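One chain follows as structure tokens, the form predicted alone.
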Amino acid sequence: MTAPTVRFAPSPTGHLHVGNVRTALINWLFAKSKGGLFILRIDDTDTERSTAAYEQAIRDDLTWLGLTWDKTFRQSERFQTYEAAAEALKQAGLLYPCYETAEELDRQRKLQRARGKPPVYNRAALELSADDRRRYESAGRQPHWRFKLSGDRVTWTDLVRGEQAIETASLSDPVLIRADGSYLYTLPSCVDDIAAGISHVVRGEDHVTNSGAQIEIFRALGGQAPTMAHTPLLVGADGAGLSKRLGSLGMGTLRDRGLEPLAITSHLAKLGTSDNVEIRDSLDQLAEEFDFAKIGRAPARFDETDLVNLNAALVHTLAFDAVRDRLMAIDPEAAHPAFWDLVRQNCDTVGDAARFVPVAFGDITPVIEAEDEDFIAHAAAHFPDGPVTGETWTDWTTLLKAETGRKGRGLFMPLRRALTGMDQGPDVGQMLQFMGRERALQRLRSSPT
């Protein structure tokens, strides 16, 4: 295979979520696995809804994930090119004006269904004379423009779905230009794919039904249709669609929750494939392992719990240098290699380290049950003299075990609660070295809760 050129084409009308990030990721991994190009195309032909803020957020999210692009452009800068393409299709008799209102088209579809026919546009506009068109326009109607399909059988070999075929006679001629003169997605996309030399279009399987018409448009514009790959869509853990929850699955939200970019990309890259869903070392490794043959046909189940667990597994392996700045932002005292080594196994995100900062360096509310008051007082009275060292905890608990007869949970849990205010967490003996003798005694001598 020659090096492919692919594109990710978001509309800057909202934030990226896991669904469209997965599409971007698959495109990126495929291109990089073959030494190809990844193009970011901003589909901002909807000038009323597109914003510069959303565009910048898209670029920021992709950069944060590591999905950098080789080239980028905006469709809003290419309207003259689309106008020229539309005019060429009109001259070829393949783009024709239609004057039906939405209500008239709806009645037409209902009538066809009642007659047992598919609700396909009846091409009545092709029978209009020049006088008919002038009368419509003098009455205030502006035409929308449809592409005239051939009615032939269109076939292609899909990299995920295999051999595919669509009878274009079963489709309505697609509208390419609205009555207000604005473009729908299809024409600008095909024009740009040809101009950018896009070799492969990789997208969700909800676009399969559009492919037959788009292949004919590519040909009508003098281009060659790209190779296509339609991947199964993401669904929730319960098998239902994600549409109602996509707002909570945006990259900004996941970033604010402390999820790591590599956890997100590892998770999305492996969902719905024959590979195990596990953390990979890098995007490069994900690219090396990428293969369309690994993608199954069943919907890919996205479970936020699985993503959080994967993120925790990654956090547990992060070296101090990788988190230094984030720990510094939490508290300068936390930006210490030994502190990170102590707490990271108890963190699902790097931000979780904040829970242990007051335990080590600040003030907490000790938990001392009434029935443990005498034991904790005894423990305070027999706390070893001198600075806390790596041996302090072992020496101290060995002494308490011998003198009180307590052991196991009955010995260690009251001490943990009194010293940390928690039932579980990092090793208490190591934490004791951060809190020091004075802070430890202050907590041991607190009133019972």
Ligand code: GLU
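Keep in mind the model is a prediction, meaning the values are calculated, not measured. Residue numbers here begin at 1 and follow the sequence given.
This next part talks about the form predicted in complex with the named molecule, which is not shown.
Only one of the listed residues (435, 9, 21, 428) places a non-hydrogen atom within 4.5 angstroms of the named molecule in the predicted complex, and that residue is 9. This chain appears without its partner; in the predicted complex, the one residue of 146, 270, 280, 203 with a heavy atom within 4.5 Å of the named molecule is 203. Contact with the named molecule, judged by heavy atoms within 4.5 Å in the predicted complex, is confined among 357 to 365, 129 to 137, 271 to 279, 203 to 211 to 203 to 211.
Using a 4.5 Å cutoff between non-hydrogen atoms, residue 61 does not count as a contact of the named molecule in the predicted complex. Proximity of residue 265 to the named molecule in the predicted complex: non-hydrogen atoms within 4.5 Å are absent; the residue sits far from the partner. In the predicted complex, none of the heavy atoms of residue 320 sits within 4.5 Å of a heavy atom of the named molecule.
Taking the partner from elsewhere, residue 73 is found to have every heavy atom lying beyond 4.5 Å of the named molecule in the predicted complex.
Using a 4.5 Å cut-off on any heavy atom, the one residue of 164 to 185 that reaches the named molecule in the predicted complex is 185.
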